[in-house]
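First, one chain by itself in C-alpha coordinates, the form predicted on its own.
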(Lines give C-alpha, C1' and ligand atoms only; values in the text may rest on other atoms or scores of the structure.)
Protein backbone atom coordinates (compact mmCIF):
# COMPACT_ATOMS: atom_id res chain seq x y z
CA UNK A 1 0.00 0.00 0.00
CA UNK A 2 1.29 3.46 -0.88
CA UNK A 3 2.19 5.84 1.94
CA UNK A 4 2.60 9.61 2.08
CA UNK A 5 6.21 10.63 1.42
CA UNK A 6 7.60 12.66 4.35
CA UNK A 7 7.84 16.36 3.57
CA UNK A 8 7.48 19.72 5.27
CA UNK A 9 4.74 20.41 2.68
CA UNK A 10 2.56 17.69 4.25
CA UNK A 11 2.48 18.54 7.92
CA UNK A 12 1.85 16.30 10.85
CA UNK A 13 -0.42 17.66 13.55
CA UNK A 14 -0.03 18.10 17.31
CA UNK A 15 -2.19 14.96 17.66
CA UNK A 16 -0.55 12.72 15.02
CA UNK A 17 1.11 10.51 17.61
CA UNK A 18 -2.29 9.86 19.17
CA UNK A 19 -4.10 8.96 15.95
CA UNK A 20 -1.27 6.69 14.82
CA UNK A 21 -1.24 4.85 18.16
CA UNK A 22 -5.04 4.54 17.91
CA UNK A 23 -4.75 2.63 14.62
CA UNK A 24 -5.54 5.15 11.88
CA UNK A 25 -5.84 2.98 8.77
CA UNK A 26 -6.72 5.56 6.10
CA UNK A 27 -5.98 9.27 5.89
CA UNK A 28 -6.32 12.09 3.39
CA UNK A 29 -4.57 15.42 2.88
CA UNK A 30 -6.49 18.56 3.85
CA UNK A 31 -4.91 22.01 3.90
CA UNK A 32 -1.55 20.25 3.47
CA UNK A 33 -2.05 18.36 6.73
CA UNK A 34 -2.93 14.77 7.53
CA UNK A 35 -6.64 14.19 8.24
CA UNK A 36 -7.62 10.73 9.55
CA UNK A 37 -10.36 9.10 7.46
CA UNK A 38 -10.82 5.57 8.85
CA UNK A 39 -9.82 3.73 12.01
CA UNK A 40 -11.64 0.38 12.40
CA UNK A 41 -13.84 0.54 9.27
CA UNK A 42 -16.16 3.16 7.82
CA UNK A 43 -19.26 1.44 9.19
CA UNK A 44 -17.80 0.64 12.61
CA UNK A 45 -16.50 4.20 13.00
CA UNK A 46 -19.94 5.52 11.96
CA UNK A 47 -21.77 3.31 14.47
CA UNK A 48 -19.41 4.22 17.30
CA UNK A 49 -19.82 7.96 16.56
CA UNK A 50 -23.59 7.64 16.87
CA UNK A 51 -23.44 5.62 20.07
CA UNK A 52 -20.50 6.79 22.20
CA UNK A 53 -17.92 9.60 21.93
CA UNK A 54 -14.94 10.21 19.67
CA UNK A 55 -11.92 12.51 19.69
CA UNK A 56 -11.08 13.87 16.23
CA UNK A 57 -7.80 15.31 15.03
CA UNK A 58 -9.09 18.17 12.86
CA UNK A 59 -5.99 20.34 13.16
CA UNK A 60 -6.21 20.61 9.37
CA UNK A 61 -8.95 23.22 9.93
CA UNK A 62 -6.26 25.89 9.85
CA UNK A 63 -6.89 29.33 11.28
CA UNK A 64 -6.44 32.68 9.59
CA UNK A 65 -5.92 35.21 12.36
CA UNK A 66 -7.07 38.77 11.62
CA UNK A 67 -6.08 41.34 14.25
CA UNK A 68 -5.68 45.08 14.37
CA UNK A 69 -7.55 48.38 13.99
CA UNK A 70 -8.84 47.44 10.53
CA UNK A 71 -9.79 43.84 11.39
CA UNK A 72 -13.54 44.47 11.27
CA UNK A 73 -13.25 46.62 8.14
CA UNK A 74 -11.41 43.78 6.39
CA UNK A 75 -13.99 41.19 7.43
CA UNK A 76 -16.87 43.40 6.32
CA UNK A 77 -15.20 43.60 2.89
CA UNK A 78 -14.86 39.84 2.45
CA UNK A 79 -17.98 38.58 4.23
CA UNK A 80 -21.45 38.46 2.66
CA UNK A 81 -22.79 37.77 6.16
CA UNK A 82 -23.82 40.66 8.41
CA UNK A 83 -21.44 40.70 11.38
CA UNK A 84 -23.07 43.59 13.30
CA UNK A 85 -24.86 41.33 15.79
CA UNK A 86 -21.99 38.89 16.29
CA UNK A 87 -21.47 38.54 20.05
CA UNK A 88 -18.08 38.41 21.72
CA UNK A 89 -18.43 34.67 22.40
CA UNK A 90 -19.91 33.68 19.06
CA UNK A 91 -18.93 31.61 16.03
CA UNK A 92 -20.47 32.36 12.62
CA UNK A 93 -20.69 30.13 9.56
CA UNK A 94 -19.48 32.47 6.81
CA UNK A 95 -19.57 31.85 3.06
CA UNK A 96 -16.40 33.24 1.46
CA UNK A 97 -16.75 34.41 -2.13
CA UNK A 98 -14.83 35.92 -5.04
CA UNK A 99 -15.78 38.95 -7.18
CA UNK A 100 -18.34 36.94 -9.13
CA UNK A 101 -19.97 35.40 -6.05
CA UNK A 102 -18.24 32.03 -6.41
CA UNK A 103 -17.41 30.09 -3.25
CA UNK A 104 -13.77 30.29 -2.14
CA UNK A 105 -14.29 28.56 1.21
CA UNK A 106 -16.99 28.05 3.84
CA UNK A 107 -15.20 28.80 7.10
CA UNK A 108 -16.35 29.36 10.66
CA UNK A 109 -15.54 32.84 11.94
CA UNK A 110 -14.62 33.03 15.64
CA UNK A 111 -14.79 36.43 17.32
CA UNK A 112 -12.14 36.78 20.03
CA UNK A 113 -12.42 40.57 20.43
CA UNK A 114 -13.67 43.56 18.46
CA UNK A 115 -10.29 43.71 16.70
CA UNK A 116 -9.32 40.02 16.72
CA UNK A 117 -10.89 37.10 14.81
CA UNK A 118 -10.01 33.59 13.65
CA UNK A 119 -11.25 32.29 10.31
CA UNK A 120 -11.39 28.49 10.68
CA UNK A 121 -10.88 27.13 7.18
CA UNK A 122 -12.14 24.35 4.98
CA UNK A 123 -9.69 22.95 2.43
CA UNK A 124 -8.43 25.90 0.34
CA UNK A 125 -5.76 28.60 0.31
CA UNK A 126 -8.03 31.32 1.66
CA UNK A 127 -5.21 32.79 3.75
CA UNK A 128 -3.64 34.06 0.54
CA UNK A 129 -6.90 35.78 -0.51
CA UNK A 130 -7.28 37.54 2.84
CA UNK A 131 -3.64 38.65 2.72
CA UNK A 132 -4.11 39.92 -0.82
CA UNK A 133 -7.09 42.07 0.10
CA UNK A 134 -5.46 43.51 3.22
CA UNK A 135 -2.10 44.17 1.56
CA UNK A 136 -3.65 45.55 -1.63
CA UNK A 137 -5.67 48.10 0.34
CA UNK A 138 -2.87 48.89 2.79
CA UNK A 139 -4.99 48.04 5.80
CA UNK A 140 -3.77 48.41 9.38
CA UNK A 141 -4.25 44.74 10.21
CA UNK A 142 -2.08 41.70 10.82
CA UNK A 143 -3.11 38.53 8.94
CA UNK A 144 -1.30 35.27 9.76
CA UNK A 145 -1.66 31.58 10.55
CA UNK A 146 -1.43 31.13 14.33
CA UNK A 147 -0.34 27.98 16.12
CA UNK A 148 -3.94 26.94 16.78
CA UNK A 149 -5.09 23.36 16.12
CA UNK A 150 -8.74 22.30 16.54
CA UNK A 151 -9.50 19.03 18.32
CA UNK A 152 -13.11 17.86 18.11
CA UNK A 153 -15.06 15.82 20.65
CA UNK A 154 -18.17 14.42 18.95
CA UNK A 155 -20.96 11.99 19.84
CA UNK A 156 -23.84 11.60 22.31
CA UNK A 157 -21.49 11.27 25.31
CA UNK A 158 -19.45 14.35 24.43
CA UNK A 159 -20.96 16.57 27.14
CA UNK A 160 -20.00 14.11 29.85
CA UNK A 161 -16.45 13.72 28.59
CA UNK A 162 -15.92 17.46 28.24
CA UNK A 163 -17.28 18.10 31.75
CA UNK A 164 -14.79 15.62 33.19
CA UNK A 165 -11.83 17.36 31.54
CA UNK A 166 -12.91 21.03 31.49
CA UNK A 167 -15.47 21.17 34.30
CA UNK A 168 -19.24 21.43 34.42
CA UNK A 169 -19.14 24.82 32.71
CA UNK A 170 -18.62 23.02 29.41
CA UNK A 171 -22.20 21.74 29.49
CA UNK A 172 -23.58 25.30 29.45
CA UNK A 173 -21.94 26.32 26.17
CA UNK A 174 -24.63 27.14 23.61
CA UNK A 175 -24.62 26.08 19.95
CA UNK A 176 -22.04 28.03 17.93
CA UNK A 177 -20.95 29.86 21.08
CA UNK A 178 -17.72 29.38 23.00
CA UNK A 179 -16.09 29.81 26.38
CA UNK A 180 -12.45 29.94 27.38
CA UNK A 181 -11.94 26.96 29.66
CA UNK A 182 -8.89 26.02 31.70
CA UNK A 183 -6.69 23.00 31.09
CA UNK A 184 -3.42 22.37 32.95
CA UNK A 185 -2.60 26.04 33.46
CA UNK A 186 -3.74 27.05 29.97
CA UNK A 187 -7.07 28.22 28.63
CA UNK A 188 -8.54 27.23 25.28
CA UNK A 189 -11.46 28.45 23.23
CA UNK A 190 -14.06 25.65 23.49
CA UNK A 191 -17.01 25.92 21.08
CA UNK A 192 -20.14 23.84 20.79
CA UNK A 193 -19.73 22.97 17.13
CA UNK A 194 -18.35 20.27 14.87
CA UNK A 195 -18.68 18.43 11.58
CA UNK A 196 -21.32 15.93 12.65
CA UNK A 197 -25.00 15.89 13.61
CA UNK A 198 -24.31 13.93 16.80
CA UNK A 199 -23.47 16.98 18.90
CA UNK A 200 -20.14 17.94 20.35
CA UNK A 201 -17.39 20.48 20.74
CA UNK A 202 -14.33 21.87 19.03
CA UNK A 203 -11.34 22.82 21.18
CA UNK A 204 -9.00 25.39 19.63
CA UNK A 205 -5.67 24.25 21.08
CA UNK A 206 -3.27 27.19 21.20
CA UNK A 207 0.28 25.87 21.22
CA UNK A 208 1.24 22.58 19.59
CA UNK A 209 2.99 21.42 22.74
CA UNK A 210 -0.40 21.08 24.46
CA UNK A 211 -1.82 18.75 21.83
CA UNK A 212 -0.88 15.34 23.20
CA UNK A 213 -1.41 16.23 26.89
CA UNK A 214 -5.01 17.18 26.03
CA UNK A 215 -5.46 14.13 23.78
CA UNK A 216 -4.25 11.82 26.55
CA UNK A 217 -6.42 13.51 29.16
CA UNK A 218 -9.56 13.06 27.05
CA UNK A 219 -8.74 9.41 26.36
CA UNK A 220 -8.09 8.67 30.03
CA UNK A 221 -11.20 10.51 31.27
CA UNK A 222 -13.41 8.71 28.74
CA UNK A 223 -12.32 5.11 29.26
CA UNK A 224 -15.65 4.07 30.80
CA UNK A 225 -17.52 6.05 28.09
CA UNK A 226 -15.93 3.89 25.39
CA UNK A 227 -14.07 6.89 23.96
CA UNK A 228 -12.11 6.28 20.76
CA UNK A 229 -10.12 8.21 18.23
CA UNK A 230 -12.42 9.02 15.33
CA UNK A 231 -12.82 11.20 12.28
CA UNK A 232 -15.51 12.83 10.16
CA UNK A 233 -17.81 10.15 8.72
CA UNK A 234 -18.90 10.51 5.10
CA UNK A 235 -21.90 8.27 5.79
CA UNK A 236 -23.06 10.39 8.72
CA UNK A 237 -22.38 13.80 7.17
CA UNK A 238 -24.28 12.99 3.97
CA UNK A 239 -27.25 11.73 6.02
CA UNK A 240 -27.26 15.12 7.74
CA UNK A 241 -26.59 17.24 4.66
CA UNK A 242 -23.24 18.62 5.82
CA UNK A 243 -21.44 19.96 2.76
CA UNK A 244 -17.77 19.52 1.97
CA UNK A 245 -15.94 22.35 0.22
CA UNK A 246 -14.02 20.94 -2.73
CA UNK A 247 -16.42 18.01 -3.01
CA UNK A 248 -19.99 19.30 -2.97
CA UNK A 249 -19.24 22.93 -3.82
CA UNK A 250 -16.41 24.77 -5.50
CA UNK A 251 -15.59 28.19 -6.89
CA UNK A 252 -18.08 27.75 -9.75
CA UNK A 253 -20.92 27.55 -7.21
CA UNK A 254 -22.55 30.42 -5.31
CA UNK A 255 -23.90 30.35 -1.75
CA UNK A 256 -27.41 30.38 -3.26
CA UNK A 257 -26.68 27.21 -5.23
CA UNK A 258 -25.39 25.60 -2.04
CA UNK A 259 -28.50 26.41 0.00
CA UNK A 260 -26.61 29.02 2.04
CA UNK A 261 -28.67 32.04 1.05
CA UNK A 262 -29.67 32.79 4.65
CA UNK A 263 -26.03 33.67 5.36
CA UNK A 264 -26.01 36.33 2.63
CA UNK A 265 -27.40 39.32 4.53
CA UNK A 266 -24.70 41.97 4.83
CA UNK A 267 -25.96 45.50 4.10
CA UNK A 268 -22.44 46.62 3.16
CA UNK A 269 -20.80 46.81 -0.25
CA UNK A 270 -18.57 43.76 0.22
CA UNK A 271 -16.30 42.35 -2.47
CA UNK A 272 -18.38 40.25 -4.84
CA UNK A 273 -21.77 41.65 -3.83
CA UNK A 274 -22.78 42.75 -7.32
CA UNK A 275 -21.64 39.49 -8.86
CA UNK A 276 -23.41 37.43 -6.22
CA UNK A 277 -26.68 39.37 -6.41
CA UNK A 278 -26.69 38.92 -10.17
CA UNK A 279 -26.75 35.16 -9.50
CA UNK A 280 -29.26 35.22 -6.64
CA UNK A 281 -31.84 33.13 -8.52
CA UNK A 282 -29.97 29.86 -9.03
CA UNK A 283 -30.64 27.53 -11.93
CA UNK A 284 -29.19 24.62 -9.94
CA UNK A 285 -29.07 23.83 -6.25
CA UNK A 286 -27.92 21.25 -3.71
CA UNK A 287 -30.46 18.46 -3.13
CA UNK A 288 -30.49 15.13 -1.26
CA UNK A 289 -30.65 12.27 -3.75
CA UNK A 290 -31.40 8.62 -2.94
CA UNK A 291 -29.64 6.09 -5.16
CA UNK A 292 -30.94 2.55 -5.68
CA UNK A 293 -28.70 -0.45 -6.23
CA UNK A 294 -25.09 -1.13 -5.37
CA UNK A 295 -22.69 1.74 -5.96
CA UNK A 296 -18.88 1.97 -6.07
CA UNK A 297 -16.79 4.55 -4.19
CA UNK A 298 -17.19 8.00 -5.74
CA UNK A 299 -13.99 9.74 -6.79
CA UNK A 300 -15.41 12.10 -9.44
CA UNK A 301 -18.89 13.59 -9.98
CA UNK A 302 -21.52 11.24 -11.41
CA UNK A 303 -23.86 12.71 -14.06
CA UNK A 304 -27.54 12.98 -13.16
CA UNK A 305 -29.77 12.26 -16.15
CA UNK A 306 -33.43 12.70 -17.06
CA UNK A 307 -34.57 11.11 -20.33
CA UNK A 308 -30.94 10.93 -21.38
CA UNK A 309 -30.27 14.64 -20.75
CA UNK A 310 -27.84 15.76 -18.06
CA UNK A 311 -29.63 17.70 -15.33
CA UNK A 312 -26.97 17.80 -12.64
CA UNK A 313 -24.40 15.72 -10.84
CA UNK A 314 -23.88 13.73 -7.66
CA UNK A 315 -20.81 14.86 -5.75
CA UNK A 316 -20.78 12.63 -2.65
CA UNK A 317 -22.49 9.27 -2.14
CA UNK A 318 -22.35 6.56 0.50
CA UNK A 319 -24.28 3.62 1.92
CA UNK A 320 -26.27 4.53 5.04
CA UNK A 321 -26.33 1.66 7.56
CA UNK A 322 -29.17 3.27 9.54
CA UNK A 323 -31.42 4.16 6.61
CA UNK A 324 -30.55 1.08 4.54
CA UNK A 325 -30.11 3.02 1.32
CA UNK A 326 -27.52 4.97 -0.63
CA UNK A 327 -27.54 8.61 0.43
CA UNK A 328 -26.00 11.32 -1.69
CA UNK A 329 -25.58 15.04 -2.25
CA UNK A 330 -26.41 16.31 -5.73
CA UNK A 331 -26.32 19.61 -7.56
CA UNK A 332 -29.58 19.50 -9.53
CA UNK A 333 -31.03 21.81 -12.17
CA UNK A 334 -34.19 23.75 -11.31
CA UNK A 335 -36.25 21.74 -13.83
CA UNK A 336 -35.65 18.54 -11.87
CA UNK A 337 -34.87 19.53 -8.27
CA UNK A 338 -38.39 19.03 -6.83
CA UNK A 339 -38.87 16.19 -4.32
CA UNK A 340 -40.01 12.98 -5.94
CA UNK A 341 -38.27 13.56 -9.27
CA UNK A 342 -37.10 10.26 -10.73
CA UNK A 343 -33.65 10.40 -12.28
CA UNK A 344 -30.80 8.16 -13.38
CA UNK A 345 -27.17 8.30 -12.33
CA UNK A 346 -24.27 7.27 -14.51
CA UNK A 347 -21.78 5.47 -12.26
CA UNK A 348 -18.59 3.63 -13.26
CA UNK A 349 -20.54 0.39 -12.70
CA UNK A 350 -23.46 1.42 -14.90
CA UNK A 351 -26.73 3.32 -14.64
CA UNK A 352 -28.59 3.49 -11.32
CA UNK A 353 -32.08 4.74 -10.51
CA UNK A 354 -32.31 7.77 -8.24
CA UNK A 355 -34.88 10.04 -6.62
CA UNK A 356 -34.69 13.59 -5.31
CA UNK A 357 -35.75 13.66 -1.65
CA UNK A 358 -37.66 16.33 0.28
CA UNK A 359 -34.93 16.61 2.92
CA UNK A 360 -31.78 15.03 4.18
CA UNK A 361 -32.10 11.92 6.27
CA UNK A 362 -31.36 13.53 9.66
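What you see is a predicted model; the values in this text were computed from it and never measured. Residue numbers count along the first chain shown, from 1.
Missing here is the form predicted together with another copy of the chain; even so, the following discussion is about that form.
In terms of contact with another copy of the chain in the predicted complex, the residue from 280, 216, 128, 226 that brings a heavy atom within 4.5 Å is 128. With the partner omitted from this view, the residue of 167, 259, 246, 240 that lies near another copy of the chain in the predicted complex is 246 [heavy atom within 4.5 Å]. Within 4.5 Å of another copy of the chain in the predicted complex, a heavy atom is found for not a single one of 21, 113 and 211. Comment: 33 to 41 is the region of 46 to 54, 319 to 327, 332 to 340, 33 to 41 lying near another copy of the chain in the predicted complex, near meaning a non-hydrogen atom within 4.5 Å. Contact annotation for residue 17: none of its heavy atoms lies within 4.5 Å of another copy of the chain in the predicted complex.
With a 4.5 Å cutoff on heavy atoms, residue 10 counts as touching another copy of the chain in the predicted complex. The shortest heavy atom separation between residue 180 and another copy of the chain in the predicted complex exceeds 4.5 Å. Using a 4.5 Å cutoff between non-hydrogen atoms, residue 267 does not count as a contact of another copy of the chain in the predicted complex.
Annotation for 305 to 341: interface residues with another copy of the chain in the predicted complex are 313, 315 [heavy atom within 4.5 Å].
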